[in-house]
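In the block that follows, a single chain appears as C-alpha cells, in the form predicted alone.
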Amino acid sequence: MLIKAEKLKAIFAPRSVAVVGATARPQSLGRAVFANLLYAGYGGCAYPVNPGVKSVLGVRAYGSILDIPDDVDLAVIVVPAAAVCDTLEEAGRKGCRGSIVISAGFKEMGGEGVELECRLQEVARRHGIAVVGPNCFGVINTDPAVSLNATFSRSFPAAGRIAFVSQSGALGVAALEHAAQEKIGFSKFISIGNKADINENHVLAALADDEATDVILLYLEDLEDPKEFIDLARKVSEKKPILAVKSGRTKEGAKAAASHTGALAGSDETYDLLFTQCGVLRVETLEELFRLGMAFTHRPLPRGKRLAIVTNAGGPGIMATDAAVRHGLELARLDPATEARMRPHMSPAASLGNPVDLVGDADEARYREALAAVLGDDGVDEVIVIVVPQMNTDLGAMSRVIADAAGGTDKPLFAVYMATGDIERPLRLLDEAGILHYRFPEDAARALGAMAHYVRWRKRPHAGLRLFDDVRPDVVREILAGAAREGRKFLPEPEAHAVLGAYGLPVSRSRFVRDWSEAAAAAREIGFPVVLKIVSPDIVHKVDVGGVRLGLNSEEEVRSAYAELTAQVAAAQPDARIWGVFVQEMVGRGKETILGMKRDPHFGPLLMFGLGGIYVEVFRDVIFRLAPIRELDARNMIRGIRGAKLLKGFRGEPPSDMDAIADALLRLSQLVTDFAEIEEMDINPLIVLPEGHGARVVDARILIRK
C-alpha cells in the first residue's frame, strides 16, 4: 500500500508527461488531453507521442515514447484498447513510474476485454508502474507548481482544498462541470476507472498526508478491498473528513431461511455499516456531496452540537430548528446574560430566546448586536443567521456585518439569504470573507449537523481490538472438520454449543443423550426444570416439527416427553436422521436477545444484535457491524437498537447485564473472524439476566461451508 501511494507522486506531480495517442485531429481525445496539459500551464515537460504526425499544437511529436530523449515520469495512454499493453510495455522500458490509461475496451466490455485487462496488470507489475484506469477520465492537480490537467475535461477547476475521487469517468466529467458552475475548487481530482492497479485505497493513503487537501470526496460503485478500506479510512478520518456517495446496489444473494441474520442482512446496508465503523460520512446525492464538502473546507469545526439561530422571520427559524434536530443538532440554551445584552438594541416585539427572532424590520445594526451576543455565549457551538429581505434590508451592509462577526469568533457561522434578484454582490462579499451561504435554512442545518457528527466521531473513546486468550480454537477446528468430512452444512445444537463454549460464550448447562434413561440422568445432574430438544443434522427448525419440550420438572415428565418428542418428529419428518436429544437447563427470567452472523462474500463476517425471540420476527429491531469489532462497537450495537430502553431497565424492572452482552459480542466476533468456514449463525435467544448475573445461550444455530 505504501509503495503504491509513493508511486502516485509520479501521477499527481510528474516532472514530465508523455501523451501517447496525442493527435492534431479536432474533437479527438488525444488532442483534448494534450491541449489540456498545455493550456493548464503544466509546470513540467510535455511530449506528444504519435508515429503518424510531426507535431501536435505546435509541439514536436515522437513516434514512440522510447524516442523521447529525456526521462519520462508519466505516460498518459489514449490509444485503441488492443494497443494499450504494447504501449505500456514501452513506457515500462522507458522507465515511467506512472501511467494513466484513458482508453476503454477492457473488463467493462467482458469477454476479451477481461483478458486484455489481465495482460495490462501483468505488464504493470513486471515494470513496477502505478497505473490509473483503464477506462478512466484522468487526473488533475491544481497545485500552481504542477498545474496538471491530464483529462479530456472542458475546463480546469479552480484551486481548492477538496480532493475528489471518482470511479465513474462520466460522473467525473459532470462533477467538474458542476464544480465550475458552483465555484468549487479542487486540490486533486482522480478518476480511477476499472481499478486494474490503483484503487480507492491507494488514493486514500496518498491523500492522507496531502497538505493541499482538507476534505476527501468519494464516488464509489464498489470497494476493491473492504477490510483494508475500513482500516485505512479510520486512520485518514482522524486527520480529515471523508464523504462518500455509494451507488450501484449489489444483488442480494438468496435469503437463507435457516437464519434470521441471513434474512435480515442486506448488501447495501453493509456499506452503511462499513462507512459508520470507519468514520466516513455517506450522502445520497452528488449535490449534497459537494455542499457538505465545501462546508468542511470552512474552518473552524464546531466544538459540539449546540446551535443558535438568528433570524428576522419566525417561519424560517422554525424550519431551521426542525432541520437541525433531524440532523443531530440541538438548540443551545442561551445564557440569561445573552438576552440581557441584546434587549436594549431590539424591538419590543423581538423574541430573544433561541431561535432569536429580530422581527421583520431588523436592520444590520440589530443583527450586529444579536450575532455578537450569541457568538459570545459559551453555551453556543455554532450559529445560523437567516436574512429574509424586507423593504429596508441592505443586503450589502448585512454581508459586512456577518463577515465582521465571523472574523471575530472561532465558531462556525453560516448564512442563509432567502432572497432572489440582484444578490450577487452581497453573496460575493460573503465569499470573499470565507463565509458559506445557503438559499434555504435546511441546507445550512444539514451541513452543520454533518460537521458536528464528524467532530463527535473524532472525539469518541478509542479502543484497540480485544482478543481473548482463554479460547479453544482446536475444539472448534475438530468439530468443523468432522462436519466437513460428513458433507454437512448444519451443526446440530450440541456441536453448536460446543463451538460457542470453546470461545467462552455463556452456554447454558446441557447434555447430549441417546435414550430416555440417559435423559433422566442428565436432568437430575443439571437440575429441574429442564428442556428437551431433538438433535438431527437434517432438522434446522426444531419447533416446526414438534422437536422441543419445555419446563419439565421431574424424571417421569422427562421420560414421557422423550417418547412423545421422538415419535412426533419421526412422524413429521420420517427421513430425518435422529441422533438423540439435547437436555438443557431451563434458564430463569431475563430479556431475550439475538446475536447472529452472516458472512458476506465481499465484506466478510457481518455481526447482528437485537431483541430476540419473537421480537426479531415482529419488530426486526436489529443492528449490524462488520467483524472484527472493538469494545466501543459492541457497546454502540447494544445502545443502537430501538429496544435498548428495555435492557436499561424500564418501569421498575432491573437493568440487564450489558457487560455480558458486550462480552458475548466480542467473543463471537473473534470466533467468526478466526473461522472462515462458519457461514451463518443465530444465537436466539441469548437470555440476558439482571445486571451482574450474566447471560445464557439458550438456542444456537450454525451453518458452515461445505
Ligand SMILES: Nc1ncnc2c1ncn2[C@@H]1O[C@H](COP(=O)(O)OP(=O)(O)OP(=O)(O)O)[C@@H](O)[C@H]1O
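Fair warning: this is a prediction, and the values are worked out from it, not measured in the lab. Residue indices: 1-based, along the sequence shown.
Below, we refer to the form predicted in complex with the named molecule, which is not included among the displayed structures.
- Residue Glu585 is the only one of Asp621, Asp377, Asp443, Glu585 with a heavy atom lying within 4.5 Å of the named molecule in the model of the complex.
- Residue Val540 is the only one of Leu334, Val359, Ile435, Val540 with a heavy atom lying within 4.5 Å of the named molecule in the model of the complex.
- In the model of the complex, Val531 approaches the named molecule with a heavy atom inside 4.5 Å.
- At least one heavy atom of Pro685 is located within 4.5 Å of the named molecule in the model of the complex.
- In the model of the complex, the named molecule stays beyond 4.5 Å of every heavy atom belonging to Asp143.
- The closest heavy atom approach of Val698 to the named molecule in the model of the complex falls within 4.5 Å.
- Here the marked residues Glu493, Val548 and Glu592 all reach the named molecule in the model of the complex, each with a heavy atom within 4.5 angstroms.
- This chain is displayed without the named molecule, yet in the model of the complex the stretch 531-539 from 531-539, 621-629, 185-193, 563-571 comes within 4.5 Å of it by heavy atoms.
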